[in-house]
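What follows is one chain in structure tokens, specifically the form predicted on its own.
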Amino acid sequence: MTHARQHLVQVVAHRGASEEAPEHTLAAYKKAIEDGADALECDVRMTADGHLVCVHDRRVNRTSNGRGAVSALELSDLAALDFGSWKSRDEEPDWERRPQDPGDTSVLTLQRLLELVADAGRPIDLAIETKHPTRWAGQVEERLLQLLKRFGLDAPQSPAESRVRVMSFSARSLHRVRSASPTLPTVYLLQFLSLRLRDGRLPVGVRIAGPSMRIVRSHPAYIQRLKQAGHQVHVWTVNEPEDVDLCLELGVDAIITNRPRAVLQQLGR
């Protein structure tokens, strides 16, 4: 594996440096930036009062001390919850030993994450996953594009120059994004490999495939078909050293990992 080739692989922090700090919190994203991640990945959901927040599950029960569906709660309800202490082990974790801003483990809005990236002092890409199905349907994409516009990120000159890409398991979500903003790159996420996609085709206009690591292990030839079809391949969630090696061997373009620092070390960066 040549050093140059490794540099082409983008290391993306999945929900931040989520192995070390609570996922989707400012603490996790600050850690990922400090660790040298090339890009940050987040999931977005819309609150009852129309704010986009970075939360993976439909409900907040797993990652906070509250209960209920994100879409049924207002931002002020979510702001009152603790999204950090569930991650603390018996031993005080590294991220808790640092001086903490009270906002580091409260609910993270997409706007706050965009501000963090804007102030990072170096270029960092953002991979934003829209979660569907949701009662808000197309309003999620509409709100997302409005927010990106505020940061001047909604209409890059070309997909290659974009600092943001939108990912989804929903082809319809990606279609809405492309219709409104044709130069914003879109990523079609795949949990399982359906027969109709085995030949390497993706939904119309999508140029990046986002297969799970399970697909990569089971169907390495599929990755080669995607590459032959001219698509980029961004793989999730790649945490084990042997999985990183397999991704490098297959020439994937981005590795989405909970352990950005460890992956960067493995790549010799």
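In this text, residue numbers run from 1 along the sequence as written. Bear in mind the structure is a predicted one, so any value in this text is a computation, not a measurement.
What follows is about the form predicted in complex with SN-glycerol-3-phosphate, which we do not show.
Checked against SN-glycerol-3-phosphate in the model of the complex, the candidates 30, 227, 56, 51 yield a single residue with a heavy atom inside 4.5 Å, and that residue is 56. Though SN-glycerol-3-phosphate is absent from this view, in the model of the complex it lies within 4.5 Å of a heavy atom of just one residue from 43, 38, 35, 243, which is 43. Heavy atoms within 4.5 Å of SN-glycerol-3-phosphate in the model of the complex map, among the stretches 138-146, 109-117, 170-178, 124-132, onto 124-132 alone. Though the partner is left out of this view, residue 256 does reach within 4.5 Å of SN-glycerol-3-phosphate in the model of the complex, counting heavy atoms only. Remark: residue 81 does not count among the residues lining SN-glycerol-3-phosphate in the model of the complex, judged by a heavy atom distance of 4.5 Å or less.
Within this chain, residue 75 is remote from the site of SN-glycerol-3-phosphate in the model of the complex, having no heavy atom within 4.5 Å. Using a 4.5 angstroms limit between non-hydrogen atoms, residue 189 touches SN-glycerol-3-phosphate in the model of the complex. Taking SN-glycerol-3-phosphate as positioned in the model of the complex, the only residue of 217-254 that brings a heavy atom within 4.5 Å of it is 236.
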